[in-house]
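Following this are structure 1 and structure 2, which are two forms of one protein chain, each written alone as structure tokens.
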Structure 1
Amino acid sequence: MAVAKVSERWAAMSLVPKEEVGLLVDGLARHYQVIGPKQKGKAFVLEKLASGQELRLDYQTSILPPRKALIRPRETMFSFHDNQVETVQDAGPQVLFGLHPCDVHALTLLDQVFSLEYEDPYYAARRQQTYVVALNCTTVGENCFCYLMGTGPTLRDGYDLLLTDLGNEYLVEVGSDAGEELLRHLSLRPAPRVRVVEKEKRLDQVRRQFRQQMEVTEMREVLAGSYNHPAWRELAKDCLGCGNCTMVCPTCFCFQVKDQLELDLNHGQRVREWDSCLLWDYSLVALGHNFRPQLETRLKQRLYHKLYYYEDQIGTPGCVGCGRCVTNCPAGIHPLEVVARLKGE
């Protein structure tokens, strides 16, 4: 994977006019599969770009997070027939273009999750061939709270190339050896250092736009003493248990594995697909026992894992403040409002 902290080695910066960003994508597409934000109805999705004209960098957030490019919503792990096993080959190197800082941060969390004890070979193979062209945020979405979680609106590491909107052009910064390699396929003009000053001014303006005020350490303290709080029962009355929040979350990683056999028992495939701790059958085991039959306990597990257990596992909260769960929740449940309710506010 091409992820590194920025150092003096990559001090050179470039500029690309906004009208030429599409050409930049077309240049990369000659060597890589480019996945970026494009419009779908009134929303935006991260999908393969047929050309640079489809790219929309003015998006707030995508429906599904970039993890879908590394952990497929549904994928065949291998197939078998007549005692022969065939593994599935991926398309090759890919560039995730225009990812916001919160989503880049989410990828760094998934890198740890899928390599902590046992490396996931499917994730690792894709990650090794994935390059990240990130985009600093210069606007704040209605449900964004990345600043509170320390994951945005700006980015310091975890990228190969980083873009910042300066009005009529983008500042391009290199963050890794792979980023330098990407630029070799492109022709960009050098950026004067004064443009960096303009970048910092723009990003400072964005930071002032955030409304939510709560410390991450405060959230842990509240949750630590609120497991049996009566508010959970009331929240469960609002929650539909649909799993929307987990499906759009950039750091959720649960999946289930199924073997699908043909009637002759000589042909079949092993498939894995996204799963959700909010669904009733997620904790269902053999002989019909369910460890979390009540929706209240599943809702509690979801939020405790994101804001408490995740930090115990890898040292940082599992929420990056992208706001997708709020946007896509039919009941409008907001993690920060849940914590405030537990706090008594």
Structure 2
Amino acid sequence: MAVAKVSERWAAMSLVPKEEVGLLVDGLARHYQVIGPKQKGKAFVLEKLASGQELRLDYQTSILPPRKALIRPRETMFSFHDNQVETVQDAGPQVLFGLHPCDVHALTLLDQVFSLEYEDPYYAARRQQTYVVALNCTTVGENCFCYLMGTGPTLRDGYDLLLTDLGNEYLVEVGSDAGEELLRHLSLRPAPRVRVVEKEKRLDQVRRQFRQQMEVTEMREVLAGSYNHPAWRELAKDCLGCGNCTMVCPTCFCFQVKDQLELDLNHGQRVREWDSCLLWDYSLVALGHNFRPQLETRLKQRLYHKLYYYEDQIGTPGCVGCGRCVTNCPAGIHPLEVVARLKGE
């Protein structure tokens, strides 16, 4: 894994003038595929950067989360012909550049999901060759609630390099051996230690912009006693069951698997695609029986898995407060507002 805990070993810091940050991308792109935020219409996407000029570190959030670089929306698991199976691996070294702390946290959660009990070889192969250049948040988006979830707006570990906007330049901190490896491809000027004070001052300002609605522990208590709360029925009337929230979620991982046959009727591929527990056929079994026929139970499945079951499974809530589900929900369903309603507010 490319990430490691930060220690004194990597105390060195560097500075990059803002107008030169694109050169970092260009320097890394000579050795790695660099995926970072770029503009698409009025929104931003995480995609391969053709050059540093495309980089938009002023992005608030991306449409799809970074997990798409590790488990693709649709990917071939293996190909086959005449019952001979050939596995497919397309992993190459890649740098995820400019990830916000919430998204870095999401990756560390997925690392656990995809290695628990059985290791997923596709995820693992890509993850081992993935470098994370994170970016502390110095502004707060309207749907952000990372501070409540304890996943932002600043990052303590999980990164190889960490950028912080200091106004006219970025502070660059190293978080791992892999981060030092990245730095060897770049020529940066060292930062005086006093710039850390500047960094902390700016990050404190960001933290103060959050309104603290409730504690995570309280959220869990509320959910524990609310499975049969009548508010769910009302919420299900708002929900369209479209599955948008699951597609844009950085910690959703469900997939379905399909075989497809080529026109020679001999060669084919087994592919997997992102799936959604909000969709009706997700919980369908043989002979037409459905375990979650009501949208209400599917909506509950989604929110309970994020905010409750995930914690039982890997020890932390499955929500990192990125706000994408809120932004992309046609009905404006907000996980925190749901919990508040269950609480009776």
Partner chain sequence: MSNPYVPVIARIERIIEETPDVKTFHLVTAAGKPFAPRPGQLAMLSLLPVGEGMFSVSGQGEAHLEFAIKKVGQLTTALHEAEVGQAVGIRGPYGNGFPVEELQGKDLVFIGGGIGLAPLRSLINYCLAHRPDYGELLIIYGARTPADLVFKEELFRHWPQAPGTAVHVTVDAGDAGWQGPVGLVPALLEQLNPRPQGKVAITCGPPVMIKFVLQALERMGYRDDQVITTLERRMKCGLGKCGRCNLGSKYVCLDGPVFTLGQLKALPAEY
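For clarity, a rigid core is taken as the largest C-alpha set superposing within 1.5 Å between two forms. This is a predicted model, so every value here is computed, not measured. Numbers follow structure 1, counted from its first residue as 1.
- Only structure 1 is derived from the form predicted alone.
- Superposed on the core, the two forms differ at D264: its CA moves 2 Å or more between structure 1 and structure 2.
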